[in-house]
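In the block that follows, a single chain appears as structure tokens, in the form predicted on its own.
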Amino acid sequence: MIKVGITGGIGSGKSTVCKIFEVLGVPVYYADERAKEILQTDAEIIKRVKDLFGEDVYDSNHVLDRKRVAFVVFHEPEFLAQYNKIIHPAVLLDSEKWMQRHLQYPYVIKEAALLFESGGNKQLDKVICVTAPEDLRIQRVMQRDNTTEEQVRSRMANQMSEEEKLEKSDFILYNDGSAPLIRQVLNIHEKLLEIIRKQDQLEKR
């Protein structure tokens, strides 16, 4: 089995791409969704988050006030760094355990917006970057999250630049309407399967 990452800037369409891979029978680990679950269920993580933001960052029903956390971390870089030190290692460990439970598949995918920023790419064999023009990505997020351009740009400022992501990736998917997305995914799917076939042939020699 090989481990593949999918990343890309906010609004690039990572989730759409992952759904296509899932249709092809490829298991997908959604890092952001798992992070939300860990923040609600892992007692040690909850304690550390409370130590950082205060006891009342979780309400009476033990639900994390995500809007408050987002406001603080996106305006106070030191809080963002400390918060990342809490959640990123927990997600890395969780994703590694998940991958070990899926060894029967030719390859699995880990989807993460902050794949490179978290160091998650170090546990992977290949990385796919989903890209689209900045203006289009901003428009998508504004419509999706009912937010302002300023708020979207603020979130973008805390992510690695699109250029650096592309440079560090093995495959690129252009989600800008210039080429059919499904065809691009199928092309990468076949390339990954070919890599696996070659690895198998080498191991049998």
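None of the values given here were measured: they were computed from a predicted structure. A residue's number is simply how far along the shown sequence it sits, counting from 1.
Here the subject shifts to the form predicted together with a small molecule, a form of this protein not shown in this document.
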property: One stretch from 59 to 67, 136 to 144, 39 to 47, 161 to 169 that, in the model of the complex, holds residues within 4.5 Å of the small molecule by heavy atom; result: 136 to 144
property: Contact label in the model of the complex: residue 187 to the small molecule, heavy atom within 4.5 Å; result: no
property: The small molecule contact in the model of the complex: residue 10, any heavy atom under 4.5 Å; result: yes
